[in-house]
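Take a look at this single chain, the form predicted alone, given in structure tokens.
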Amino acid sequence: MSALGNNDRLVVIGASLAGLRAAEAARAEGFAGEIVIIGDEKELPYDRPPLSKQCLVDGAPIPYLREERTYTESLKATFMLGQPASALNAAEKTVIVGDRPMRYDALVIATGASPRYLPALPEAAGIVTLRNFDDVARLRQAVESGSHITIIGAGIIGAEIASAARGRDCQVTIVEATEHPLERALGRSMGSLLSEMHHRNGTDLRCGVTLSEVRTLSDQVTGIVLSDGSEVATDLLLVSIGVVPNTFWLQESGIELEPDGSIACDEHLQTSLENVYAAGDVVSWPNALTGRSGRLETWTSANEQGAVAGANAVGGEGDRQPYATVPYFWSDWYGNRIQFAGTAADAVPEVVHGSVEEDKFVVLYRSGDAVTGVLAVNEPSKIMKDRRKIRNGATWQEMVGHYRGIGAGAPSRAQQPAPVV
């Protein structure tokens, strides 16, 4: 039940998935007061994962999260779009929107993150990032032209865009500074194994090199020079090297920030300020299920955190719920569905089901007798069950025994870790 009254106001900064879920959860909690959702873009909340998937590949329209009438009929929320918040005054319980203060009784910050940019890049056409729907139009035009696209960063988004571009017969080069792509997310062996998909599908993946020079002609990018001296002709240069939390507007607010700029929250997603909560890419919090503190830049986490933050923001002190999760993300590369739940561990993971050669398998990660993570390639029916098992503390013997019971698959590479190159 809501602890805020009918005359109180919940303000949500961020017209995103996390922000929308916060507002919906507040209503579900019984909050009958005013809800104001503030967003820096002019669009109503839309889904971001399709930007590098359906929108880029198929030209799909803006993937709005809800029908517009939902916001007035059931959510009963007021939107202030195209008007980013610029400051927070905790003492007066106000946020500055445009040029005027907006009072709040409870506040949820869900401002997300922005693409990390390389500061030495010149001002030239053809150098882009991908974060919102406006970016998709520029990328899609290049992808449709069959041109040469160079991607800086072999992470999830870079890989998805490479896949989309190869599907339209573009020449694609990926430049990755580390020797082992996706090592932090999937571990060295599995990150290297999945990266083989790029080579098999005609993408030129270059690891262990960095960008040294960008060449332009008439303010249009024409090519790059890498740290090993090699040159790559390119019509479009996409920078995909991670994101930074959108907290620059909070620098003078007194809110506690982590060294990476994210908002420090407790297990209830409450910030260091009274009646101020946060959700999504902007949050760093202690995850009791993994024993780690930090951020999760995933759709699933934004969805879950938004609901918890919204309910806790309007609920009573004794009704607040902690947020703990088994992390989960998915990605689509070259027609393959890649899913991961949990965290990668130091021990070499084991393929327990299926065939690596056929790009259809399940991998388990362990720490001692505990299963810490599961990677599934083209096995969508298994991953969510395994995620629940990890959450419930299933042991290594239990999960391996389950897969042995349904067949171990091809034994050649399937029983061996991916080669480290």
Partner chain sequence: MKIEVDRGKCVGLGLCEAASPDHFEVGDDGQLVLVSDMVTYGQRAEVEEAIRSCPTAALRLLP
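Numbering follows the first chain given and starts at 1. As the structure is a computational prediction, the values presented were derived from the model and not from experiment.
The discussion below concerns the form predicted in complex with its partner chain, not included here.
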Just give me the single entry in P61, G393, G368, P380 that has a non-hydrogen atom within 4.5 angstroms of its partner chain in the predicted complex.
-> P380
Answer option from N201, T300, T216, Q270, heavy atom within 4.5 Å of its partner chain in the predicted complex | T300
Might Y334 be said to contact its partner chain in the predicted complex, defining contact as any heavy atom within 4.5 Å?
-> no
K385, heavy atom within 4.5 angstroms of its partner chain in the predicted complex = yes
Might Y323 be said to contact its partner chain in the predicted complex, defining contact as any heavy atom within 4.5 Å?
-> no
Tell me, yes or no, whether E41 is in contact with its partner chain in the predicted complex, where a contact means a heavy atom of each within 4.5 Å.
-> no
Counting only non-hydrogen atoms, which stretch in 164-172, 249-257, 275-283, 334-342 is within 4.5 Å of its partner chain in the predicted complex?
-> 334-342
Sequence order please: the residues of 306-333 with a heavy atom within 4.5 Å of its partner chain in the predicted complex.
-> Y328, W330
